[in-house]
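Take a look at this single chain, the form predicted on its own, given in structure tokens.
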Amino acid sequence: MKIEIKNISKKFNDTHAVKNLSFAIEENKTLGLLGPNGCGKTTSIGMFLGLIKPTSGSIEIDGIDINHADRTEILSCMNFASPYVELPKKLTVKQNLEIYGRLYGVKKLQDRIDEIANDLDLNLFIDKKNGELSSGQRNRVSLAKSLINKPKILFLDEPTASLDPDIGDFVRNYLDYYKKNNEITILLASHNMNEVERLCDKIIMMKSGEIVDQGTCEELINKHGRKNLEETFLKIVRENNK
């Protein structure tokens, strides 16, 4: 499914959190959304998910404006993962996956839970309460929840934040594997530049609620005369800050 963002803005009282964002994510591609804390990434994702109503502009999925249409069918094709949004702590991993699977109307739900639990190595703690898990385990459960319905569109907000290198690499390997074997369009917000270079077809750089640059990783690195994406990110973020 293709996503088109057209002049999206969000204003809270007198503060512009997001200003006139316009871009597209082609079907089955991954777009990286980068920027410093407070630049508007999470607010943008909230609007793309239909959780926050834009002040102006439109969000179109395969040509349908999600804010002016019956969103039920569209939203059933989407999902989201973030380490900052916790699943119910008193429910076990299996109970969480069962509840979200039912919400999404997943057919043969137990088979799907077994499949995703094997893929993400959840079986050793699938009967533990979510609140008893380590941060790495919770991140994998959150990712499992986000893929329970085999979404056509996936929004990821820093999916490997606070993970140790081994688990972070495990999650990135799985995302890479999943993308190659499924039809899925992904928006990835991340501060891990190696992760972005590895997973994203194109990136957008945000600052103070606005897009300040965009292109492939290679294009932006060459444009700004830096050695890698991390140096490029720092250059863009620090420009005009002094």
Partner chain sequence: MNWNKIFGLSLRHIYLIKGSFPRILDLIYWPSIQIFLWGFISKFFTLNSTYYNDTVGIILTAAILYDFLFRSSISYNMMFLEEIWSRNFTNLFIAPIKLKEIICALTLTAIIRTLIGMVPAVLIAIPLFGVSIFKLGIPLLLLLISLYIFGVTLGLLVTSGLIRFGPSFENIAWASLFFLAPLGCIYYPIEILPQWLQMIAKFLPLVHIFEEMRNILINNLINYNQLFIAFFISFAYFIAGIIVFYLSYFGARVRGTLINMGE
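Residue numbers count along the first chain shown, from 1. Worth saying up front: this structure is predicted, and the values here are computed from it rather than measured.
One more form of this protein, predicted in complex with the partner chain, exists but is not displayed; see below.
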Task: Proximity to the partner chain in the predicted complex, single hit among Thr72, Asn123, Ser134, Gln110 (heavy atom within 4.5 Å) - done: Thr72
Task: the partner chain contact at Ala161 in the predicted complex, heavy atom, 4.5 Å - done: no
TODO: Indicate whether Lys10 is a 4.5 Å heavy atom neighbour of the partner chain in the predicted complex.
DONE: yes
Open item on the list: in the predicted complex, is there a heavy atom of the partner chain that lies within 4.5 Å of any heavy atom of Asp119, even though the partner is absent here?
Closed with: no
- [ ] Answer with yes or no whether Pro88 is in contact with the partner chain in the predicted complex, where contact means some heavy atom within 4.5 Å.
- [x] yes
Task: the partner chain in the predicted complex reached by all of Lys53, Ser76 and Glu98, non-hydrogen atom within 4.5 Å - done: yes
TODO: Have a look at 38-46, 178-186, 205-213, 192-200 and name the one stretch with heavy atoms inside 4.5 Å of the partner chain in the predicted complex.
DONE: 38-46
